[in-house]
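Next up is one chain by itself, shown in structure tokens, the form predicted on its own.
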Amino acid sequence: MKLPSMTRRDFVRLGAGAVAAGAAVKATLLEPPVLAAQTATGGTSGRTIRFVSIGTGIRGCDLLRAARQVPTGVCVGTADLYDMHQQAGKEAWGGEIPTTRDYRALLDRKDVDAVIVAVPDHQHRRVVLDAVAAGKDVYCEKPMSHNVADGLAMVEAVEAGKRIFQAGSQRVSNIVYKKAAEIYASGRLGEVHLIEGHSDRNSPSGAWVYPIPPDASPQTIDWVTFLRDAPPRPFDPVRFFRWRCFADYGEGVAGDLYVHLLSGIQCVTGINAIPNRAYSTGSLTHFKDGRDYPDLLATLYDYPGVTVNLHCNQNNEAGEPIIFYGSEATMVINGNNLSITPQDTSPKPEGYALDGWAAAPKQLYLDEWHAAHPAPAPKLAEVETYTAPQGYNDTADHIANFFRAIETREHVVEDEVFGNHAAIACHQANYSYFHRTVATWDAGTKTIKG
């Protein structure tokens, strides 16, 4: 049976659980992640991973709450430049732990195995290099780097120090993405030459217009250290709490949102590479609050064998699907839901072109075509859907993967090379937007060129 034609909106709805009319549906609830089940009974050696969190702001607290679900890890200290963040980190972990403004005091401790780095992007390089030099394994939030040079330095240091490094784009540990990768590798989608993804928001919070806490001051915030590796400026709490808006500290929508889409696409397709080129357009249309970055960004990427079309819009809430357009099927990931909708590739006689034929040759063509193509038995095309269990937390699974690699010294799912490739693609998007040119990757000089 021929499936009805579907719009892009239909595909997005399908990824959230809707189905094509008249199609048979096979729905599967994915099993709880194997890694989390393993960690629930302890690691292979029973070793406890003692870690510290450098940065206990929004994301740092999220990571601490997720880490509580992984019994093999225990937080033994935190660091943050803002006094209230230090208290928030204790509450996120659920107990009293030592905390400090100077993260180097934590790295000096011999009882610390690993470091979670959840600081603004411009501080990633310094903190990661210090942690590696201290002999610690590192989990670093996305995007891995603030610029190309920072990323290359981090890769070199991690590899020279033989450290375990996990970049913090948690979707690569998500069981839905693992299922999608299995389906993609099987060839069931046919030839995939186009992948589309977007991550859209429509609120001040979604555009990082976070409230400024009433106690924010030079007394409660170490502003001088925050500006380390950034240009000097007078104290400005807007820049401290909304740092993603400013090029001195963050990477805008590319570093905050594109990186999830890019990491997910790398995970599913197995393309662990830097795009050959990227072209961006966009605008700053609504949030004209002094920020550097656009609130709408759209980018076309040339990856080996596939075109990737991404956009992030902070003026409309339309979800965050990734759509893989295959010659045999279309696969959609939307949150913790996955769908595969077959394409109708059954043989068909020509229709449109015959409108210019005379009646006799037209009928002869149709008679000969039907004689050569006996009608197959009618059947319903099957739409497959896969869903993660309710309450599933892929961040906990990503951290569990990191802790297990520390114990076994096995490879992580998102190492320094993988994370650096995704980050460079983000840098390419911004380079193209600000320079109004195609951003190409020069592998010889390891630089972005216009």
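All values derive from a computational prediction rather than experimental measurement. One rule holds for the numbers: they count along the sequence shown, beginning at 1.
Below, we refer to the form predicted in complex with a small molecule, which is not included among the displayed structures.
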Does the small molecule come within 4.5 Å of any heavy atom of His85 in the predicted bound form?
yes
Does the small molecule come within 4.5 Å of any heavy atom of Pro120 in the predicted bound form?
yes
Exercise: Tyr103 in contact with the small molecule in the predicted bound form, heavy atom 4.5 Å:
yes
Is His260 part of the interface with the small molecule in the predicted bound form - any heavy atom within 4.5 Å?
yes
Can you confirm whether Gly55, His124 and Phe240, the three residues that make up this candidate site, all sit within 4.5 Å of the small molecule in the predicted bound form, judged by heavy atoms?
yes
Counting only heavy atoms and a 4.5 Å cutoff, which of 286-294, 240-248, 330-338, 356-364 contacts the small molecule in the predicted bound form?
240-248
Heavy atom within 4.5 Å of the small molecule in the predicted bound form, from candidates Ile323, Leu81, Val308, Ile274, belongs to Leu81
Which of these residues, Asn202, Gln219, Thr345, Thr225, gets a heavy atom within 4.5 Å of the small molecule in the predicted bound form?
Thr225
